[in-house]
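Given next, in structure tokens, is a single chain: the form predicted alone.
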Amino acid sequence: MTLADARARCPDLATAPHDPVADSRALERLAGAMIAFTPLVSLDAPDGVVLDVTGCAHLFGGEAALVRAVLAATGHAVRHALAPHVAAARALARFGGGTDVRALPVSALELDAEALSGLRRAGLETLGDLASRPMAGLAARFGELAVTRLRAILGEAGSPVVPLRLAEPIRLETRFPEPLARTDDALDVIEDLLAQASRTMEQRQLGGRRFLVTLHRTDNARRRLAVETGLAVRDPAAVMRLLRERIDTLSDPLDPGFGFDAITLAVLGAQHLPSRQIMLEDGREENADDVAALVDQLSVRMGEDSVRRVAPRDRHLPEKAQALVPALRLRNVQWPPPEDVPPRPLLLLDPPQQVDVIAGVPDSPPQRFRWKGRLHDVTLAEGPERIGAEWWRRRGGHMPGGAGETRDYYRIEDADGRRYWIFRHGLFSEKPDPRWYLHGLFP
């Protein structure tokens, strides 16, 4: 199905460029979540997960209940199959339903197109047709790979599960023989824990997104400090600055009481973060994202919703083509490539301001307009750039007269050299008295 057909069927369809790396990480996260059902989980790249549920089904009330629980935990629309061994389950899930692997088409062998064409020309349509022939003859005519995969699906050859080994969570703890009575000493210990966590993350090529520090007081009270970053980081100094900002924003600063007898650090969220080139002058990693560090610091100081950035939206009208979202939550935003459209003002008036205009009809640009009580004579004009209404978002928008009003935008310049972006809201064929609005100012 083409993208245009999909959008026609589902106007609210959200689309994004294919990201194989992100898909791989999502599959790994899904496989990690499946550990709750069985310890033997393996990846079946690029889009499959294999679970060896031998001896686990009775814990969930049987195989049917286990399947329902697994499907509910995935959160996706998935195809599944149960079989005595991995190769058969994989073939059933990808190339058919039921439980009879002999009824599957020969495409379940996943051979190249030439080999599959040869099998079909020989009148072999299903795996059952192949299984009834001598294996030696099949290998001689269609290759050893066809026989190997056929025997694996039929259970005559092994298809072992290579279990996924999940990395241990990054959690560090320090206990003291004598309680720490000074907050500064506790901060020194936290910085040391961050340095240890940084070394661990560097070995795993990870960066932390959420750090949680727990200070255990001798009276069993616990104080928690949590900071979150917009981008993955493993620089202890950067995280330490955020923790100090967090402490400064607390209404009740850290009170050691009779002292802290333990401090723990947990990296609750981690992402892939490859190593960067080390600078010769000071040993720091180059290309450090100072903007991201500033966003993190301001978000901690003023609150997550107080620091926002503009994100693109797949909308048609200029004022709806972007939105302000919390900068901490917005990562790797991709703006669409520039289209071949006339230039537009960087800043728009929200909402557009109505102006009184003298213009010729039906599609002539403004000749004179009044804005904020001042009269402007138009000396130069360019346009119109016609932008239709988003009829697909209106109930009955496909009906005649129900689409909404069309906009004709003009870029104009007055006698003082000031440039404006002005539009007529509606065509004369749509309404008898369309109004004019000033939508933006060019620098």
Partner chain sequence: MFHDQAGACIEDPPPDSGGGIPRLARAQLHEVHADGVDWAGALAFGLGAMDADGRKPVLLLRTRRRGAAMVPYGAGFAAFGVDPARLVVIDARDDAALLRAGLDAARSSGPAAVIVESWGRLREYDMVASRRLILAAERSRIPVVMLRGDADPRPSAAHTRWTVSTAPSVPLEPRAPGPPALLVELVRRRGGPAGMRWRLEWNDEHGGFRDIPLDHAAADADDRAGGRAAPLSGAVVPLPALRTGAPLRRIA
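Keep in mind that what you see is a predicted model, and the values were worked out from it rather than measured. Numbering follows the first chain given and starts at 1.
The same protein also has a form predicted together with the partner chain, omitted here; what follows describes it.
> If the criterion is a non-hydrogen atom within 4.5 angstroms, does every one of Pro318, Gln322 and Pro443 touch the partner chain in the predicted bound form?
Result yes, every residue of the spot touches the partner chain.
> Tell me which stretch of 102 to 110, 260 to 268, 197 to 205, 307 to 315 has a heavy atom within 4.5 angstroms of the partner chain in the predicted bound form.
Only one stretch passes the 4.5 Å heavy-atom test: 307 to 315.
> Is Leu298 a contact residue for the partner chain in the predicted bound form, using a 4.5 Å heavy atom cut-off?
Flag for Leu298 set to yes.
> Just to confirm, Arg419 within 4.5 Å of the partner chain in the predicted bound form by heavy atoms?
Close contact exists here: in the predicted bound form, Arg419 approaches the partner chain to within 4.5 Å, heavy atoms only.
> Would Leu380 count as touching the partner chain in the predicted bound form under a 4.5 Å heavy atom rule?
Output for Leu380 is yes: heavy atoms within 4.5 Å of the partner chain.
> Would Asp350 count as touching the partner chain in the predicted bound form under a 4.5 Å heavy atom rule?
Yes, Asp350 is a contact residue.
> If the cut-off is 4.5 angstroms on heavy atoms, which of these, Ala73, Leu346, Val162, Val78, is the one near the partner chain in the predicted bound form?
The residue in contact is Leu346.
> Check each of Ala167, Val291, Ala140, Ile358 and return the one that places a heavy atom within 4.5 angstroms of the partner chain in the predicted bound form.
Result of the distance check: Val291.
> Who in 390 to 418 is close to the partner chain in the predicted bound form, meaning a heavy atom within 4.5 Å?
Residues within 4.5 Å: Arg411, Ile412, Glu413, Ala415, Asp416, Gly417, Arg418.
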